[in-house]
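A lone chain, given as structure tokens: the form predicted on its own.
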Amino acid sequence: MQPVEGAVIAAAGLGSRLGLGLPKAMLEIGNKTILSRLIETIEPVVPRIHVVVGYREELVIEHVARWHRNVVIVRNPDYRTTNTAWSMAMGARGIPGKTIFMDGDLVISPESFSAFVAKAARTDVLVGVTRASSEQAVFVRTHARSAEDFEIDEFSREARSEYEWANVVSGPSNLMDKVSGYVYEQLQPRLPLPAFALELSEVDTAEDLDRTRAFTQRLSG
């Protein structure tokens, strides 16, 4: 058992596919930013949160200073020439043990995330997946280990499957060090890896944003 010590939220990117001129984490859904929703989901079960900022960092820094005083800001001044994995590696510095890495454009069911954290404490590396629904999914091929556990065998952009990569993974705090490509590409050589099905919605495109608004309404019940 190794409890999760921290969470890194990557919010440095340009969000160019959506093209709204602000970090996707700062989009408001139901009068609350995606970032606030994510932090409020993480805070009850993870003691330390780092948010990595880059593009229009002033917006995120001001928002965190006003609403989330316990969150640590990590600046990535090279956000235009580096990728998400680089931001995640920067964000994990100073976290002593097991860490959850995630994108800043996710809305996650709190109950689902709590269950992920509990399982992460019992697993060296745990990969989050979700039911395939996004516009530009990275699909995952899985196989069942038991009625409740399953593993990932393959990531693929072409071979459609029931689940997609959720852009959430837990592991040692140095998991993203020296990664040159996409985050899931760092995980590929380690396969098979244990997986956990998260209930979440990700925003990459305008269609994803509409889907995430509907998902958030369902969570609010």
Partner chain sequence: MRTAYCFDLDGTVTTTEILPSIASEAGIAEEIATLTRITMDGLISFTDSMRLRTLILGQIPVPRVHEIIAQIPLDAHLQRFIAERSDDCFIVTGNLDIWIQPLLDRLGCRSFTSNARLNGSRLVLDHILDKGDAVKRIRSELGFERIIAVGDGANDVPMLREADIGMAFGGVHSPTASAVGAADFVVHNGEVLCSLLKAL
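Positions refer to the first chain, counted from 1. Everything numeric here is computed off the predicted structure, so don't read it as measured data.
The same protein also exists as the form predicted together with the partner chain; that form is not shown, yet it is the one meant from here on.
**Student:** Within 4.5 Å, heavy atoms only: does residue 74 come near the partner chain in the model of the complex?
**Tutor:** So residue 74 counts as contacting the partner chain.
**Student:** Contact with the partner chain in the model of the complex for residue 178, defined as at least one heavy atom pair within 4.5 Å: yes or no?
**Tutor:** Looking in the model of the complex, residue contacts with the partner chain do not include residue 178, since no heavy atom lies within 4.5 Å.
**Student:** Against the partner chain in the model of the complex, would residue 70 count as a contact residue? Criterion: heavy atoms within 4.5 Å.
**Tutor:** Yes, residue 70 sits close enough to the partner chain in the model of the complex that at least one of its heavy atoms falls within 4.5 Å.
**Student:** Should residue 37 be classed as touching the partner chain in the model of the complex when contacts are defined as heavy atoms within 4.5 Å?
**Tutor:** Residue 37: no, not in contact with the partner chain in the model of the complex.
**Student:** Please tell me which of 122, 93, 80, 143 lies within 4.5 Å of the partner chain in the model of the complex, judged by heavy atoms.
**Tutor:** So the residue touching the partner chain in the model of the complex, by this definition, is 93.
**Student:** Only one of 27, 45, 191, 61 has a non-hydrogen atom within 4.5 angstroms of the partner chain in the model of the complex; which is it?
**Tutor:** Here the answer is residue option 61.
**Student:** With the partner removed from view, which of 180-188, 155-163, 29-37, 46-54 is the stretch that lies within 4.5 Å of the partner chain in the model of the complex, judged by heavy atom distances?
**Tutor:** Careful reading of the contacts points to 46-54.
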